[in-house]
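As C-alpha cells, one chain now follows by itself in the form predicted on its own.
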C-alpha cells in the first residue's frame, strides 16, 4: 500500500474525483448540445421563416441536455468541499469514496447528456418539417429528455451516498466497494442514457411527420425507454448491494478485486444492451407514428427485440452477483 499523509490522501481523492465528474459529465452534455445546435442550423436553412420557433426549441432542448452536467457540477463541488468525517484519519478509503463518486456521476451524466442530444436534434428537424405542430414536437422532446435523464439521477444518488458514507482509514476491501460501486452505476448508465435518448429521438421524428399518432407514439416511446433503463437499474442494484448488504468481504487485495470485478461486470456489461435497446425502440417509435393502427404488432416486435438485446445485461448481472455471493 502506498504510504501517504492524511492530507495527501484527501487532496488526491478530491482532485481525481472532481476531475472525472466534471470532465466526463461535461463531455456528454457538450456533445448533445452541439448535436442540437447543428440540427437547428440545418433546419433554419430549410425554414428561414421559423427562426424564432427553431431557436426556442433548440434552447429548451439544450437546457435539458445540460442538466446532466449540472448534476456533475454539484457532485464535483461536494467532492471538493464536503468535509472529511475524521480529518486526522483520512486514508485510502476517503480517496476511493471521492473517486468512486466521480466515476458514478461522470460516466452517468455522459450517457444522459449525449442521449438527450438525439431528441433535441430531431425536435429541431421536426419543427422545420412541420412548423404548425411545433408545440407538440417540443412537448414530446421534453418528455423524452426527462426520461433519458433518469440514469444520471440514479448516478447522482449513488455518488452522494458514497461521499456522505465515507469511512476513515485505509482498507483495500472498503476501497474496492467504493470504486466498484462507482463503476457499476456510472458505466452501466452510459448505455441506458444513450439508448433512452435514441428512443426519444425516434418518437420526436415520427410525431413531426404524423402528429395525429401522438398517443400511440408516446406510449411506445415510454415503454421503449423503460426497457432501455434496465442496465442502469441493474448497475444501481449492484452498487447498493456493495454499499449496504455486503458483510463478509475478503480482506486485502482479494477483497478489492472482489468488489472491483463485480462492478466492472455489471457496468461494462450494461453499455451494449442499453444502446442496443435504443437502436430497437427508436425505429419502432417512427413506425408506430407512421402506422398507428399496427401499434400492437410494432410494440410486440420491439419488446421481443429489446428483451433479446437485454440478455447480455442479465448475464452480466448474474456474473456480478456470483462474484459477490458465490465465488
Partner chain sequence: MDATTMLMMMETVVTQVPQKAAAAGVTGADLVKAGALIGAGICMGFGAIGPGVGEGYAAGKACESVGRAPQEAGLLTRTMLIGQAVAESTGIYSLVIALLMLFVVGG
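What you are looking at is a predicted structure, and each value in this text was computed from that prediction instead of being measured. Numbering follows the first chain given and starts at 1.
The following text describes the form predicted in complex with the partner chain, which does not appear among the structures shown.
> Is the partner chain close enough to 261, 275 and 297 in the predicted complex that each of the three has a heavy atom within 4.5 Å of it?
Result yes, every residue of the spot touches the partner chain.
> Would you mind picking out the stretch of 279-287, 48-56, 34-42, 61-69 that comes within 4.5 angstroms of the partner chain in the predicted complex, counting non-hydrogen atoms?
Answer to the contact question: 279-287.
> Evaluate residue 80 for contact with the partner chain in the predicted complex, applying a 4.5 angstroms cut-off between non-hydrogen atoms, and reply yes or no.
Taking the distances in the predicted complex, the answer for residue 80 is no, it never comes within 4.5 Å of the partner chain.
> Is residue 18 close enough to the partner chain in the predicted complex to count, meaning some heavy atom within 4.5 Å?
Residue-level check for residue 18: no, no contact with the partner chain.
> Are any of the heavy atoms in residue 163 no more than 4.5 Å from a heavy atom of the partner chain in the predicted complex?
No, residue 163 sits far enough from the partner chain in the predicted complex that none of its heavy atoms falls within 4.5 Å.
> Check whether residue 74 has any heavy atom within 4.5 Å of a heavy atom of the partner chain in the predicted complex, and answer yes or no.
Contact with the partner chain, no.
> Which residue, 146, 253, 85, 153, is the contact with the partner chain in the predicted complex, using a 4.5 Å heavy atom cutoff?
None of the other options qualify; the answer is 253.
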